[in-house]
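Each of the two blocks below gives one form of the same protein chain as structure tokens; they are labelled structure 1 and structure 2.
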Structure 1
């Protein structure tokens, strides 16, 4: 008898509401996605939504939980191990970042984040913490190890991390924009790999 945290009950409708809301919020934003649009897409009346959620905000908060829960998991040990070899770490890290960029669910979450970023103070704080600071931490630790092993030139690991992550973010934003308009991402598809190459050539000793 498996015990899931989100209650074992028969919540088929609730799940559908969340699924639909994710799509609509990430397309239209919080204001643009009205409860009637959500309900209609689910196939129920607005009033029925309130059997599953207190109000609109509760739906949004539930959806927004997904924004920073990306399974971006490089174990601490794995970081140390890969970093000791230099370039393979950058490759692994970047490919994970690339996967997140193209993954449907994470793409929606990223769009939602961008749409609501300047409308939601809490989201801004989390962006700085979860998106920026956390990445800087992992990367700077890795670059620090590379410096100790004389694989790259010595300098401030935090600065190197900043320089590295900023380009990843920009590529992700651009790809997300293009895909939102169903534009081909061909012209930018290998930008992640190019970044790894360029950066490694720039810092390697």
Structure 2
């Protein structure tokens, strides 16, 4: 029982470190968010923080993983079932992507990560794995199922996946840049839905 209690407490502390770090990284940038500041906001000693993470970079990479992860949280079987219906798969995938785009916490970190990508090799590798590879895998598998069910034209499913997600990523980047300059995004807030409609009409049988 004590082991379980200690483990639960450690997990809660680790989660709190990640939440606090996300806020501080977003507000202060990577350099400005020191380990001392993070520990202080969490309410623990700096030395205690090292029981959970080796250094600040490890914390940063763990936070980034959550931002980069695929927005699609369904299990493989659920993805396959939804993909067999065609357009509903694209609608659900895209709406989850849109929710991430307009989430304030995600938006601030996404902007910071775009800057840090050019300075951190490990972060670039993580981006390629967590965001690029996983999303392309989910999408290409879904498009392959649609092709098997004669819902869309036969083609290279991976290429179709690239085509689909590239526009989503560009819309997300555009919105992030506009909000950074405090510009209204009302004019492009429906671009996600329009992308689904346009793309589906282009590939359906």
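Numbering follows the first chain given and starts at 1. Only the largest set of C-alpha atoms that superpose within 1.5 Å between the two forms is called the rigid core. None of these values were measured; they are calculated from a predicted model.
- Between the two chain copies, the one drawn from the form predicted in complex with another copy of the chain is structure 1.
- Core-superposed comparison between structure 1 and structure 2: CA of residue 188 displaced by less than 2 Å.
- A displacement of 2 angstroms or greater separates the C-alpha positions of residue 31 between structure 1 and structure 2, with the rigid core held in common.
- Core-superposed comparison between structure 1 and structure 2: the Cα of residue 49 travels 2 Å or more.
- When the core is overlaid, the C-alpha of residue 22 ends up 3.6 Å from its other position between structure 1 and structure 2.
- If you overlay the core, the Cα of residue 58 moves by 6.3 Å between structure 1 and structure 2.
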